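A single chain, nothing else alongside it, follows as structure tokens in the form predicted on its own.
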């Protein structure tokens, strides 16, 4: 009888340690799934657009990706994909080709983007105008605050584009 109670006690102790070890493993697994602090800190990027020059590509960095910001000239075609700040229109897009992720080069004289990897082209609104890219440049989440653009936050302008089907 004493042997059974000791065996039961040892089983409960072992079971308790096993449960505690299981909780430790689950906690460690959850920590690996959480974004790194550096990623959380890079969640929002604010860009002041007041100093932007027409037909000059500015490249910002957001979450490790290049963001193309191009102030459009009056002769550039207007698009529903344009971000309007005051009277100015801007292209705001993640600067990665939608074909294989290469970084397209902006050609100010031709007012287009050329992807050197496979010859794909995009216009100044980010629309693909020559294959192989299957879709336009991706518009990152943004919010307009006066002359500032906050990348990483979905503002009303972004939501309007999303509802119109301009953002996948």
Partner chain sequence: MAQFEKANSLHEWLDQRLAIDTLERVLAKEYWIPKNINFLWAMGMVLAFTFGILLVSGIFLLMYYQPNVNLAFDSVNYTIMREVEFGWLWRHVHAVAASVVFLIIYIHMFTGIYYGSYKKGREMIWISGMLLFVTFSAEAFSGYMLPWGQMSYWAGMVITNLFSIGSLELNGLVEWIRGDYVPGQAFLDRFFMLHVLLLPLAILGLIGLHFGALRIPHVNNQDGEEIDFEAEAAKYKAGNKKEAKVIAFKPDFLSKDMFVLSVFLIFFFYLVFWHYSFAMDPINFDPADPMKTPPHIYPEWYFLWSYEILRPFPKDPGLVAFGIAQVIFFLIPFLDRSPNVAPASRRGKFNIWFWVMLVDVIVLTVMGKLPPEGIFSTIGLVATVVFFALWISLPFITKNEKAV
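Positions refer to the first chain, counted from 1. Just so it is clear, the structure is predicted and the values come from calculations on it, not from any experiment.
Here the subject shifts to the form predicted together with its partner chain, a form of this protein not shown in this document.
Remark: of stretches 45 to 53, 65 to 73, 139 to 147, 121 to 129, the one touching its partner chain in the predicted complex is 65 to 73 (heavy atom within 4.5 Å). Interface membership of residue 35, defined by any non-hydrogen atom within 4.5 Å of its partner chain in the predicted complex, is confirmed. When contacts are judged by a 4.5 Å heavy atom cut-off, residue 57 does not count as touching its partner chain in the predicted complex. Among residues of the shown chain, residue 111 is not one whose heavy atoms approach its partner chain to within 4.5 Å in the predicted complex. Within 4.5 Å of some heavy atom of its partner chain in the predicted complex lies at least one heavy atom of residue 30. If you take 114 to 143 and check each residue for a heavy atom within 4.5 Å of its partner chain in the predicted complex, you get 116, 117, 118, 132, 134, in sequence order.
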